[in-house]
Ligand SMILES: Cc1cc2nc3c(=O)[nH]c(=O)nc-3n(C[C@H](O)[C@H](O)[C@H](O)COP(=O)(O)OP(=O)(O)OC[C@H]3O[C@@H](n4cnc5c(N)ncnc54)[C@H](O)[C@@H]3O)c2cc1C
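Here's a solo chain for you in structure tokens, the form predicted alone.
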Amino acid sequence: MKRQDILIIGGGASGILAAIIASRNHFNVTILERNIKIGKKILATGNGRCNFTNTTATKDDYNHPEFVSKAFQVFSPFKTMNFFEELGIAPKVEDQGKTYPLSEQASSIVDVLLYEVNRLGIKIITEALVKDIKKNNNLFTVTLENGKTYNADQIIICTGGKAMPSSGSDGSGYMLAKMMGHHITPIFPALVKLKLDSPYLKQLDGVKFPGRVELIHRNQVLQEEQGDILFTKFGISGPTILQLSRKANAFLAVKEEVWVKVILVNLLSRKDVEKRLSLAQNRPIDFSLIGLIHKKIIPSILKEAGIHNPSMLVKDVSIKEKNKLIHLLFDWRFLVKESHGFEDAQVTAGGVDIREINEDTMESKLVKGLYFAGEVIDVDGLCGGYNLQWAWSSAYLAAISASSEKK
């Protein structure tokens, strides 16, 4: 059988894995990467540790569960772990299924991938920014910014989204998809810090504590998360907030108000708190909260409750103020103004419209021989290895489809 040429645009997680799989299927593969080396964004994942999969990940952890279903069937988290173990990565599974290399170094993932790329003889063209794609008589012609051209029977676009533009993800893949007739759904940052409208942020800056948060829209709970919460001078962050941010930004994009509800007291009931205060009648109100919530939060929450003298004895606090304080301990709401931008986001929400991609192959429904994988597609998941798993799964499916015997 005549060996066909596959061009892969983008040398990130999905691009490298797609190249390896297609090459193992005896196809000539070339990676076109705009950076000076491939795998740059992988190095930044998991705070440099690379949370490369999540053992609990299923299709239901993504915004389009049915679309990702086939990719997860052919390349599940279990198969991902096996793939990397064969390359030399010993996995370390932590809480909630988060999986890292035992070395705790993202560079380990890049190193083993590069070793396999070199072993297979995959050609890598770096500093190769693709500016144009055309297709004539079943042959694709790709033109770079420097004017060089490359021909291929098939193309897999793995350019990523717009998150972390310093890694090279500047949204150029959307332009290429549009050139081939595809539509791009609205894009916005996901897994990102939120900016709040509150007068207390300067005082709360740096306060970190375990608690519960809810995303509220029109007094309805949209999503609930439990874990670490971090106040910043701009707003709020932490793993819980990153999980809420995707849905928050989706509402902000259509000018809908959303609120973050912070539950400061997570393990006690309101009656427990009422009893605690009743036993502290002769103590200052600020001191009565010591040991209950983070000390740096106390001045702000007292002000919010209308209690402006923190030294006031509990017995002298009005019933109205006391009830407001107790309410705030279980329901302190902050209006979300906006989020941080793509430079601080871990992933992009939105992308190439899934209705124009065959979920069984990752091939374009509009252009035969054109495939997509990873973040460039309108698919995003939770924080904790889910988005890298989508990169691997979609890349594997695109590569085996592009390099199948039927082609």
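All residue numbers are counted from 1 along the displayed sequence. Given the structure is predicted, the values throughout are model-derived calculations rather than measurements.
Keep in mind that the form predicted in complex with the ligand is missing from the display, and what follows is about it.
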_Sole residue of 301, 244, 176, 89 within 4.5 Å of the ligand in the predicted bound form, by heavy atom_ = 176
*Consider the chain as shown here, without its partner, and state which of 305, 204, 314, 128 has a heavy atom within 4.5 Å of the ligand in the predicted bound form.*
128
_Given the stretches 270-278, 245-253, 329-337, 168-176, which is the single one in contact with the ligand in the predicted bound form, using a heavy atom cutoff of 4.5 Å?_
168-176
*Using heavy atoms and a 4.5 Å limit, would one call residue 28 a contact residue for the ligand in the predicted bound form?*
no
*Just to confirm, residue 351 within 4.5 Å of the ligand in the predicted bound form by heavy atoms?*
no
*May I ask you to state whether residue 44 is within 4.5 Å of the ligand in the predicted bound form, using heavy atom distances?*
yes
*the ligand contact at residue 387 in the predicted bound form, heavy atom, 4.5 Å*: yes
*Residue by residue through 322-360, tell me which have a non-hydrogen atom within 4.5 angstroms of the ligand in the predicted bound form.*
345, 346, 347
